[in-house]
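Just one chain is shown here, as structure tokens, and it is the form predicted alone.
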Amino acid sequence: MKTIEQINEKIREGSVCVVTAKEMKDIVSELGPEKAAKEVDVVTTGTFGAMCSTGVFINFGHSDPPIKFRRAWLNDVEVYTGLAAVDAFLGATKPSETRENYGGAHVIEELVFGREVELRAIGFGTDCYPRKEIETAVSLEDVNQAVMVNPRNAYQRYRAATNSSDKVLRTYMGTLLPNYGNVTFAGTGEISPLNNDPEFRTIGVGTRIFLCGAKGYIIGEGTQHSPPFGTLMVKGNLKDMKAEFLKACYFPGYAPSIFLGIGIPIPILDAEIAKSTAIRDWEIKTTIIDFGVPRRDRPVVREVTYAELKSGKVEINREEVRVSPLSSFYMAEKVMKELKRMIEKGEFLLSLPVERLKGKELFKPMKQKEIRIVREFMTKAITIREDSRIEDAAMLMINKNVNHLPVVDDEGILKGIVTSWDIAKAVTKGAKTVKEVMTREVITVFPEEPIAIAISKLEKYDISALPVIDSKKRVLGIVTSETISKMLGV
């Protein structure tokens, strides 16, 4: 066995053996864990991806006369000011109030590039902080501290995403094409930090890490830490970071975000740790979930390995679906190599954690009041085929006392909807079949959605009924404004 002190002494002497996680796979395969542990001292890992849970604490220094921030903005991105007088927290996903596709992430990037940003603030106007407003420009050099503190970074692995619905979805997993048109995934698999030390023997509170080109630290387990979907809470000095390892971005229909480069050195203390760093993509499993079903617990489409995801294609329902990553493997390797260089040059010493991360943690959903769902309010749908005659549709509405007829095919899949108003118009226009008058773009709901979602759709689109469908667009029922009103006693 080795100790951290022994490895750090080798770093100081310039005799340390450092390899990247990518290189270590072949070394362990060739030598075995025991010999690899004797030969290698440190394995560098890396990840580079969008990490929304990112932000910076900034102390701006006191103005003259002094001000206590009530509200403040950087390039029209509001910062949180519920702290001391001129302290603020800038969140990466906070959108600008005036600029399109711009947010806190972009302000952070501009600061790291050395640019000035506009500071605008209004104050409370107290006896000790009499100033009520200020407008100025500041750079990283001008502020006292700029400390990046990220509640949740470096996911051990991440669930991949697809979309079974017939609409394009804009999500934090990128753009998901309809009808299983694509799959997106995040994480760097076999070179990602937490996958190379799954027992968290060397990764924990106090571990020194590479954070966007600077020396940073793990300050705790990240929010939503739930191994094997572990996460890290990290901090580092923004003033020491390098722009090449940090990149602002914007996810259409979601929010701004920021790509970060994080690398963690794994000290090879014994054969067990060496064996852990030999993990391969085909051993790392995750699931593909369906964003086409708008539930908290989205259905699992299938289990998949990172080797399959990285191949660029996976099979869903016997069809080949293209896959694209939301992480940069090129930049992750660059992180590993830069961290390796820093250690070999004696610029980066290792530290063992003062407290280990939890190996098991249950991720709980939000506690909510009892929510009534669409299934409770839906009634049986009276359906019709698109080649049916207008007269048949009219008689069906009269006999069944309904005003809406979902139009389906032989398998019960929704094709459109026809209303009593459509039938009335059909008579005046001389239409013969339902197909001629039905609405094809139908607003729908799922049975497990909160009824509040259905109500908002009825109001937004000024309609009085919603077909209830499953993930394959089969009609399960219908929910109407009349039924909702009666059941809620409105």
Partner chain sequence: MLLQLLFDSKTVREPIISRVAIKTGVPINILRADVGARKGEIIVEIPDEKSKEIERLFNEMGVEVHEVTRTIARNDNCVHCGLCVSICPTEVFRLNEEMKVEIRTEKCIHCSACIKVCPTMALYFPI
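Positions refer to the first chain, counted from 1. Values in this document were obtained by computation on a predicted structure and should not be read as measured data.
Below, we refer to the form predicted together with its partner chain, which is not included among the displayed structures.
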Using heavy atoms only and a 4.5 Å cut-off, determine which of Arg322, Lys345, Arg99, Lys242 is in contact with its partner chain in the predicted complex.
Arg322
To verify the annotation, which of these, Val149, Ile382, Leu177, Ile316, has a non-hydrogen atom within 4.5 Å of its partner chain in the predicted complex?
Leu177
Contact flag, Met173 vs its partner chain in the predicted complex, heavy atom cut 4.5 Å
yes
Find out whether any non-hydrogen atom of Tyr155 is located within 4.5 angstroms of its partner chain in the predicted complex, and reply yes or no.
no
So, Asn182 and its partner chain: in the predicted complex, are they within 4.5 Å at any heavy atom pair?
yes
Flag Phe363 as yes or no: does it have a non-hydrogen atom within 4.5 angstroms of any non-hydrogen atom of its partner chain in the predicted complex?
no
In the predicted complex, which of the stretches 218-226, 271-279, 368-376, 247-255 has residues with heavy atoms within 4.5 Å of its partner chain?
247-255
Sequence order please: the residues of 314-332 with a heavy atom within 4.5 Å of its partner chain in the predicted complex.
Arg322, Val323, Ser324, Pro325, Leu326, Ser327, Ser328, Phe329, Tyr330, Met331
